[in-house]
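A single chain, nothing else alongside it, follows as structure tokens in the form predicted on its own.
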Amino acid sequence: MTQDKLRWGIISTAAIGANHVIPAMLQSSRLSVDAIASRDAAKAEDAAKALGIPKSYGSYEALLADPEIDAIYNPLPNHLHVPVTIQALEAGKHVLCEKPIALDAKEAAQLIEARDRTGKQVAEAFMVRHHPQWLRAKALVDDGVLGRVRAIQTMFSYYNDDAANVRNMADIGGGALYDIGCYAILTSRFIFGREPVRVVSLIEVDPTFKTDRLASAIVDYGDGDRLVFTCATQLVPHQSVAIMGTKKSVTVEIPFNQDPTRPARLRIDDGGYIKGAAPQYEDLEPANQYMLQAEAFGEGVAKGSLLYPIEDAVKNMAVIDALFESARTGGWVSL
């Protein structure tokens, strides 16, 4: 590793990386993106040229063998998250791996052992918890502005019925809960600051894809506090989060895919809008949450300790496991 910059290699030319994460990383003066790999050498070369990345490789193994790469970003399909991440750790690279970290918590826990064995850092790529709008929402909660927070209501949906899309392939980890329900769970754990105690869910499965296309759930944090959410892969695109306290609520208007060129907005309200009063708005300066995520990971690597270590990812995965079990059994599942 260089003195002041973490040198990154990207595994695969996946759209999330090429369209969002890599361009954001390239904006940072605190890191460098030095190589990209694909199992198709031509694809890797084309992506490198398009993004301005110096080196391209026609295999993941070739990238992992590059001694001038310190860290790997892994946006591969979900079933490849753990095996390729372990391969990268064993090659002496730190790894930032896309969500969901695994297909279940047991598989995710393999990364704890791999980290401890190799001495390299690994984290799940949840960019939202680095965005200023979420840090501000958390501060409002922790400072008691909302009173006691009792409920969080989250909706996240998009429409995708493309059979060739990895999100619609059940055998490699497609479906709504893995892809976007994980955000509802992650942000509620972030806001409440503790782990849930039980969950219950209702899931509709696409008859052709066999993936969950509509999932609704209650995530109980104890003492009556709860997250209620719905996620869907075949509904009109929508996302919103309402954090409800005994005194006020805060709504994160675009909680997950906030445009980095536009200000983010929080709506804070004491219920007066019901009688026609105007709510309070807080606009935050534009921020690129993907860049902030990569920089935070680099800071953690330099310190030898991440803000969100891989244990956090295992806990998030355990909630997803419980939601799938609840749908199968038709009742509450304890955590």
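As the structure is a computational prediction, the values presented were derived from the model and not from experiment. Start at 1 with the first residue shown and count on from there.
Here the subject shifts to the form predicted in complex with a small molecule, a form of this protein not shown in this document.
In summary, among the residues Pro196, Pro75, Pro255, Gly174, the only one with a non-hydrogen atom within 4.5 Å of the small molecule in the model of the complex is Pro75. In summary, among the residues Ala322, Val314, Ala14, Ile22, the only one with a non-hydrogen atom within 4.5 Å of the small molecule in the model of the complex is Ala14.
Against the small molecule in the model of the complex, the set His81, Ala125 and Tyr290 is in full contact: each member has a heavy atom within 4.5 Å. By the criterion of a heavy atom within 4.5 Å, His130 is excluded from the residues contacting the small molecule in the model of the complex. Looking at Lys43, you'd find a heavy atom of it within 4.5 angstroms of the small molecule in the model of the complex. In the model of the complex, the small molecule sits within 4.5 Å of a heavy atom belonging to Glu98. In the model of the complex, Ala242 stays away from the small molecule, with no heavy atom inside 4.5 Å. Listed stretches are 164-172, 209-217, 104-112, 260-268; the contact stretch with the small molecule in the model of the complex is 164-172, by a heavy atom cutoff of 4.5 Å.
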